[in-house]
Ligand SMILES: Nc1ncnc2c1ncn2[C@@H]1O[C@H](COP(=O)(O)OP(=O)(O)OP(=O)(O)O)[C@@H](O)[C@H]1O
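Only one chain comes next, encoded as structure tokens, the form predicted alone.
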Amino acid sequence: MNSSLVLQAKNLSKTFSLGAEDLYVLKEIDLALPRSSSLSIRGESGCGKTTLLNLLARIEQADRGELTWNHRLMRCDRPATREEVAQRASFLGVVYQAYYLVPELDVLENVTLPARITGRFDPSIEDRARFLLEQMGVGNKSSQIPGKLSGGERQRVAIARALINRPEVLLADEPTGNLDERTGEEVMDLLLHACSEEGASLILVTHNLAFAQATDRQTFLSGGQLNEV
């Protein structure tokens, strides 16, 4: 693997069975992500963008293909190993359209949760969480519960949570999909700035052409093929 690449996929393929037929969603996808870079993926609804992110995160199993996380080669046609799951917690951060904040926890507890799950929690983690929340413009919301926040505020908290373990790669799946245009622009600016400041590479799935064009490279997924545009 090229030493400048933090993530690389080769020949990733995925089908879903529909009765007696197979639906080919992804066909021999190749993807290379340099360190501290950003890449966007656009495509029609249902074309397989989220499935591709799930394969890159080893959440779903591919039919065939290889994936490299920071020089570690993995076969994707089998379930993630325990070691790969442990590595994922520090290597990847994920931001979802639906936020997925824990409603019973306050904002600070939500942001520090990944560190607690991975056994990395110590007093410095709360300091980092507060720093990230300030960077996201919601530093005054640390004691609030998610239900008291607006959609834009929830997504800012979700981005801070995704960055808490200092991931090398951030996967963002339609992070502005539930936001109005103005709030979406604000959140996207914060996301791109935060990745730049943290030195994290970004793979962004979006329908928004302007957001896609804000990344270093743009791709389009259609017919199971991923092509640069």
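Residues carry their position along the shown sequence, with the first being 1. As the structure is a computational prediction, the values presented were derived from the model and not from experiment.
The protein also exists as the form predicted together with this ligand; that form is not presented, and the subsequent description refers to it.
Under a 4.5 Å heavy atom criterion, is residue 217 part of the interface with this ligand in the predicted complex? Output for residue 217 is no: heavy atoms all beyond 4.5 Å of this ligand.
Hey, in the predicted complex, does residue 25 get a heavy atom within 4.5 angstroms of this ligand? Residue-level check for residue 25: yes, a contact with this ligand.
Considering non-hydrogen atoms and a 4.5 Å limit, does this ligand approach residue 31 in the predicted complex? Although this ligand is absent here, residue 31 would stay clear of it in the predicted complex, with no heavy atoms inside 4.5 Å.
Is residue 161 one of the residues lying within 4.5 Å of this ligand in the predicted complex, judged by heavy atom distances? No, residue 161 stays farther than 4.5 Å from this ligand in the predicted complex.
Heavy atoms within 4.5 Å of this ligand in the predicted complex: which of the stretches 182-190, 48-56, 64-72, 163-171 has them? That would be stretch 48-56.
Residue by residue through 11-44, tell me which have a non-hydrogen atom within 4.5 angstroms of this ligand in the predicted complex. 16, 18, 23, 25, 44 sit within 4.5 Å of the partner.
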